[in-house]
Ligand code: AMP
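Next up is one chain by itself, shown in structure tokens, the form predicted on its own.
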């Protein structure tokens, strides 16, 4: 298995620190609103990476944090007149709901920054004791960036060429030793949450949070650190500086970063009106479609989101699920139990597609080519299994298809369609309204059902329905 390592800019053979185990940290969202589809890409991509490691027999310790103290959270809390904790807990719950709908597995641990403050204070003190950090008179603690040899090795930038900005640089003042020194701890402002520490009442800087949470739940050295490519600099660069200075060992062996998501070939932004939350996309599509769409390009490539590409993903996913349904139906209804010798050969030949799938995933998790291998297996199943096939062949091929789909997070076994009591009642009410010649109400109910994803068809045999 080869992984493209941002640190070396080459594909490298994966060699875990501990045989058979993978320690993996993925930077999670800042929770001040619903997650957008840009947030969803790393969640889906690295969930798939985790799934493949597990498919290959590795035990994966997968840690993904929630940043629950931040200027944006505080701003949102002040706007609503509630606590920062109320905002962060609300949107952590909403994020977990969206992740479940995207079939993103819960992490082994989902640490929250506010619950790890003591560890942050300890690491900052260690950095101060080693001369990598210093305090100024207002209590702000800065990291001495130039003291860390190799700063810039991940982003491949020389420190003198790097621009100060974003969340890297604290408030520049006369006591700050260098413009490139970044904040480890900052004093509180009115209306902000704060914690007591040896330097001042305040809160941690952004970068120290992930260094501490990774250390606590995965150890000083980890196999893989991952996130969006926008985090390479300054966030991941600063994590390396903090962690390696404090712990005295290399931080992460492999650094993985997914590419940006564009909307109709333009950068997603609220000002352009092309900013979509996962929840908004879920109003138009089953989120299984969004997940499948995200995996149709290599994770390091830019990905363009458009209605046309989403429809193509929907059609492709439907083909896979329909093939699964057909195999399952034959497996449950065939009158022939065991495979013939010819069917055994058909079943054995499935390995050709499994090998293609594994070769794609072993080559830096190429989910686009892995999806192609699944489509080839679908075509093979459609050509070789019919109503005369044995239960054993249909079930065996179904199991194989399901196993590969599970690596990509495709749920092949769809739940049986059923109407809940509310929909049942609405259909009955509509029937009665039509008998009473209350056609306006009947039309209203049809619209309500359509909004719920239920499409009605009035036939001679009565009302038939299907999901949109």
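Residue numbers count along the first chain shown, from 1. Computed from a predicted structure; not experimentally measured.
Below, we refer to the form predicted together with the ligand, which is not included among the displayed structures.
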| item | value |
| --- | --- |
| In the model of the complex, residue 261 touching the ligand (heavy atom, 4.5 Å) | yes |
| Contact flag, residue 41 vs the ligand in the model of the complex, heavy atom cut 4.5 Å | yes |
| The ligand contact in the model of the complex: residue 354, any heavy atom under 4.5 Å | no |
| 4.5 angstroms heavy atom contact with the ligand in the model of the complex for residue 231 | yes |
| Option from 438 to 446, 26 to 34, 398 to 406, 50 to 58 whose residues, in the model of the complex, bring a heavy atom within 4.5 Å of the ligand | 26 to 34 |
| Listed residue that, although the ligand is not shown, lies within 4.5 Å of it in the model of the complex (heavy atoms), from 205, 111, 324, 227 | 227 |
| Answer option from 159, 368, 268, 310, heavy atom within 4.5 Å of the ligand in the model of the complex | 268 |
| Cα-Cα trend for residue 307 and residue 272, given that in the model of the complex the distance shifts by 3 Å or more | farther |
